[in-house]
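Only one chain comes next, encoded as structure tokens, the form predicted alone.
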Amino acid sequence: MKNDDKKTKARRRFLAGGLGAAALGALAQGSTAGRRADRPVWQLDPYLCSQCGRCATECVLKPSAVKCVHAYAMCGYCELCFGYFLPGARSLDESAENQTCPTGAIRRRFIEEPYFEYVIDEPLCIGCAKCVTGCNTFGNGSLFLQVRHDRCLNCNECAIAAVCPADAFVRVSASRPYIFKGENDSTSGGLS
């Protein structure tokens, strides 16, 4: 019987030690969570982006972690959206031959004459920047690119940043990982 008591006590010590170690691990992880939120992450500064198209081809992920974002507050909700339609489109309808986006990632919905709403279907977006180029060239710049951190691997050296001709990739705090147009037009928001 004494042998069974020793085994029981040893098992209890083992379990208590394991639970204690697990609790310490959780506590340590919780104390580093705040530091993780302050760590820098890569982001594309929309004020510096030249819409070169490399975000679609150079990202280590396929499709790219860079996606088009629509700043609705800046949008004119125009019938003729140059981010949606190709220059010289034959007609202003949803036919693929009239659209700028090669994957059909922009959805167009009629609101009232002459206004339309344009919504980005992010899973279809490849980050090619064709819509951004049209919007910035002929429109008001309400379409722009951003690294989506729920998809990004947060590499130490971003493959796109390494080849970006405009040096538009900057490091920002993970607690504020996005640089939205129209929020603060006087600065880009990047960390040095």
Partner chain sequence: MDEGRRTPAVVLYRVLVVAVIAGVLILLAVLIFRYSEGAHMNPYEYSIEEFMDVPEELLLWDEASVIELDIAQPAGLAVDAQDRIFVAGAQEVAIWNAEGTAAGRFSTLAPARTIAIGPQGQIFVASVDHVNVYGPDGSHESEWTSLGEGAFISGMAATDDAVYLADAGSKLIWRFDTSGRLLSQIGRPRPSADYHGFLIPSRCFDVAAATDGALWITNPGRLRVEKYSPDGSLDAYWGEPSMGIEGFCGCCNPTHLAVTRQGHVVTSEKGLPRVKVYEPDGSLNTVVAGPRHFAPGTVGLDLAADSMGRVLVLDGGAGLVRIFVRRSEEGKTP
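Numbering follows the first chain given and starts at 1. Source: prediction; values computed, not measured.
Keep in mind the form predicted in complex with its partner chain is missing from the figure; the text below concerns it.
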Residue contact check: residue 124 to its partner chain in the predicted complex, 4.5 Å heavy atom: no
Item to complete: Decide whether residue 78 counts as a contact residue for its partner chain in the predicted complex under a heavy atom distance cut-off of 4.5 Å.
Response: yes
Practice task
Examine residue 128 and determine whether its closest non-hydrogen atom to its partner chain in the predicted complex is within 4.5 angstroms.
Solution key: yes
- Query: Hey, in the predicted complex, is residue 67 touching its partner chain, heavy atoms inside 4.5 Å?
  - Reply: no
Residues in 133-157 that come within 4.5 Å of its partner chain in the predicted complex by at least one heavy atom, in order, are 133, 134, 137, 138, 139, 140
